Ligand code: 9MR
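A lone chain, given as structure tokens: the form predicted alone.
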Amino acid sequence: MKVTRVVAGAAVAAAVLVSLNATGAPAAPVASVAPVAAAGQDAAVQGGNADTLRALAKRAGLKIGTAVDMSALNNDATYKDRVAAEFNSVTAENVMKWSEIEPTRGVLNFGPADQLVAFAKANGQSVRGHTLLWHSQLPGWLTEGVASGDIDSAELRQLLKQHVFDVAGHFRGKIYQWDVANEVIDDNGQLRDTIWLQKLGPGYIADVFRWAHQADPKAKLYINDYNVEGLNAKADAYYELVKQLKADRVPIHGFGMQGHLGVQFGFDGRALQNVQRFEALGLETSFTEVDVRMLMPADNPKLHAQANGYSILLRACLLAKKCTSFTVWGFTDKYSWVPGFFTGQGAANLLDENFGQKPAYQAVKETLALAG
């Protein structure tokens, strides 16, 4: 059943919707978020609580998701409880990537990914698949084989096809959205110079979508990238690529905007327009990996700016007609990927390292409550 979302309140309806400024230059002003509670400890969440994010998202007709760290899920009871209580969608942070599925050529390891799918089923959650094709986190035997010339273009194409059929086929009927092609355009709006482009040519993008559709005809198939939340050269390039794929009758169903933002860069105000133009091409949309990092140490102004960043993208999704899911890339700073990749930055998630609620959590909750 389709749920009509109504975002109540003049402040919400008039909010400026923004994305990360790709250049890091000063950005257009944004609407402020109403003051929210300061960060602090919160009580353990009980399953079925009508005040959880998943309960509020259900009322708003939206899937609210998180990327899941399987080591944390298996070893941290609080983390496990919060994943189950707060979210109605989960994404494998790493265990569905090629390097994890097939670390040794011809030997497939679906165990951790199967465990996540079983966890989701037990907790009434949907699963986003991430990712069938990427230039990163490839198994060493593949990249080394290509570099040495032991794997030529014809064999590489066959290996990619087999990988798509192996993985999408294994999870057939269990994944509601697949990130089929991830980060295929660079920050200058050109096709990214990867082994896929070098060895297979630009047609590889259409190929992986056709193969994925054959392997799992009911899954929604996404093209996904970072720094495409607003209107910029990279988002424009994706718009043209999707138009061409649609014209070529390629089975592409969704555009995924990762939403990795940074408080220090400011925000530009055109996320809704961007979402709407992709929906006008016949696609559904989703925010797939949202987090909002900051220069450390964190302080109250940064935390409230972070809350604004989260709610801005969520409002864009709620105001759009075909935005179906909003996924955060981890929900607690305890297990964030950010400090390991961005020196001197962190505190990017909704909850702090002790699972205490930050202003961002409250802002997301309040935005969902208004929409519901």
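Source: prediction; values computed, not measured. For every residue, the number given is its place in the sequence shown, counted from 1.
A second form of this protein, the form predicted together with the named molecule, is not displayed here; the remarks below concern that form.
Trainee: Is Trp134 close to the named molecule in the predicted bound form, meaning a heavy atom pair under 4.5 Å apart or at it?
Mentor: Yes, Trp134 is a contact residue.
Trainee: Residue-level contact is defined here as any heavy atom of the residue lying within 4.5 Å of the named molecule in the predicted bound form; does Asn94 satisfy this criterion?
Mentor: Yes, contact at 4.5 Å.
Trainee: Although the named molecule is absent from this view, report whether Glu289 comes within 4.5 Å of it in the predicted bound form, heavy atoms only.
Mentor: Residue-level check for Glu289: yes, a contact with the named molecule.
Trainee: At the 4.5 Å heavy atom threshold, is Glu183 in contact with the named molecule in the predicted bound form?
Mentor: Result yes; Glu183 sits at the interface with the named molecule in the predicted bound form.
Trainee: Please determine, with the chain shown alone, which of 56-64, 316-324, 329-337, 301-309 has non-hydrogen atoms within 4.5 Å of the named molecule in the predicted bound form.
Mentor: Among the listed stretches, the partner-contacting one is 329-337.
Trainee: Find the only residue in Gln125, Gln258, Asn232, Thr285 having a heavy atom within 4.5 Å of the named molecule in the predicted bound form.
Mentor: It is Gln258 that has a heavy atom within 4.5 Å of the partner.
Trainee: Select from 202-218 the residues with a non-hydrogen atom within 4.5 Å of the named molecule in the predicted bound form and write them out in sequence order.
Mentor: Heavy-atom contacts to the named molecule in the predicted bound form: nothing from 202-218.
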